[in-house]
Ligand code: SIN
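To begin, one chain is listed below as C-alpha cells, in the form predicted on its own.
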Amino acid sequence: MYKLNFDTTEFLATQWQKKPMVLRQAFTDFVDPISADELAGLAMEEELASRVVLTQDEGKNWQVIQGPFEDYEQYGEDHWQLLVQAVNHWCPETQPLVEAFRFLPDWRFDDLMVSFATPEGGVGPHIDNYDVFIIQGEGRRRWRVGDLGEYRPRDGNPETPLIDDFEPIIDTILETGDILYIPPGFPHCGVTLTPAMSYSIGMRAPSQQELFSQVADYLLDNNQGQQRFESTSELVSPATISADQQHGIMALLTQLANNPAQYQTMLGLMLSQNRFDLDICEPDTPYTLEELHQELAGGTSLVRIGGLKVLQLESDQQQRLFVNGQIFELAATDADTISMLSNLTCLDNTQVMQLLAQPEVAQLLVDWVNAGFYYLFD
C-alpha cells in the first residue's frame, strides 16, 4: 500500500546522514493511515506519550502541555499541534507505512510519531540528534531547514529545546505524499498552513554516553570486566600519570570493544529494546504447542506486534535472536529459518506450518505468542 517512489540505493549513497532534501511525491496517492479523530483518541490513553504544543506571541514562543488529554476545545481552531509518539505500537493500520522504510535496518528505527496541526501550529525551531523522515499527509505545511552550525538556545535558556532562528537552506511547502528528510544536527521548523496530518519516521543510533552506560550495566550484571591495569615502569615524579599509563588504562576499554564475546550480547540486548511501551497482547490463557497448532491449522497467520524488534547479529558466536531486550537461543535451527524469523513481520499460514514442523522453532513461536509478541490473525 505504501511504496516509496524514489531510488533508495541512490538515496543511501548520496543523501543519508549527509544533507537534508525534499522528496516530492515520495508516496503517490498517499492516504492517511489514521484520522485526526483517531489520533486524538489515542492521545487520551495513559500508555501513550503525547503532547500539545501551543504557538504563542505571534510565533515567537511555544508552550508544551503533556498528555493524556480529555478534550481539545480549549485550544481553539488554530495555533496548536498535537503530537503522539509510537503510534505504530498501538495502531496496526500504520504498520505498512513503517514497512516502507525497512530499506534501513530495524535496529535504527525508533518510532512513528504522528501529529495533527491546526493553521499556524508548530513546535518551533529546534535540532534533533537523529535522522527523521517527515511525511506530509492531509493538508499543507511550510518547512524551513538550516545548515549545520552552532546555534544558541532560545533566549539563552539552557532548559529549552528551542533554538534562535536560522538562515534556511530549504524553504518549502510540503503537499500530501511529499517527504522531508533531515539528518542529525540540521535545525528545522515547520508551520502549518491548513489543518494537516504529518508522520515522522525517526531513526536513532546510540550515543557514546548510552554505550558506556550499557557496557557498565552489562559488565556489572554479569560480573565481567574484572581485568585491572598493570604496568612495569613508574615515573620518578609521584604526582604524575605518565602518557603510557594513560594509554594503558584506556586500552582496557579498547580490549572490550575489540572482543565480540564481550560486546555482542550487550549490543543485541540494547538495540532490541524500545524507548516507548509496546502494546503487549498476551492471550487470556497461555497456549500449549498442540493448541497453537490447532489454531493455526485453519489458515491463520502470525503477526508481530507493532514496534517489536527481532534482531540477529552478523558473525554472532551463537545462534540466537534478540527480542525486546531478551535472548532466545536457537542452537538447533538453521540460518535461513533464523533469518526468516527476524526479517518477516508477518508469517503467513504456509510459513507458520513449515516452522511448526521444527520442534525448537515451534516452542519459540509458542513462547512468543504467550509473551504477547505475536498475535493470531485470521
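The first residue of the sequence shown is number 1, and the count goes up from there. None of the values given here were measured: they were computed from a predicted structure.
One more form of this protein exists, namely the form predicted in complex with the ligand; it is left out here, but the text below deals with it.
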Just give me the single entry in 134, 196, 256, 162 that has a non-hydrogen atom within 4.5 angstroms of the ligand in the model of the complex. 134
Tell me, which of 200, 176, 264, 118 has a heavy atom within 4.5 angstroms of the ligand in the model of the complex? 200
If contact means any heavy atom within 4.5 Å, which of 149 to 157, 107 to 115, 304 to 312, 284 to 292 contacts the ligand in the model of the complex? 107 to 115
Is residue 126 near the ligand? Define near as a heavy atom within 4.5 Å, in the model of the complex. yes
Can you check whether residue 83 is within 4.5 Å of the ligand in the model of the complex, heavy atom basis? yes
Residue 188 within 4.5 Å of the ligand in the model of the complex, heavy atoms: yes
Would you classify residue 101 as touching the ligand in the model of the complex, given a 4.5 Å non-hydrogen atom cut-off? no
In sequence order, the residues of 133 to 172 that place a heavy atom within 4.5 Å of the ligand in the model of the complex are 134, 141, 143
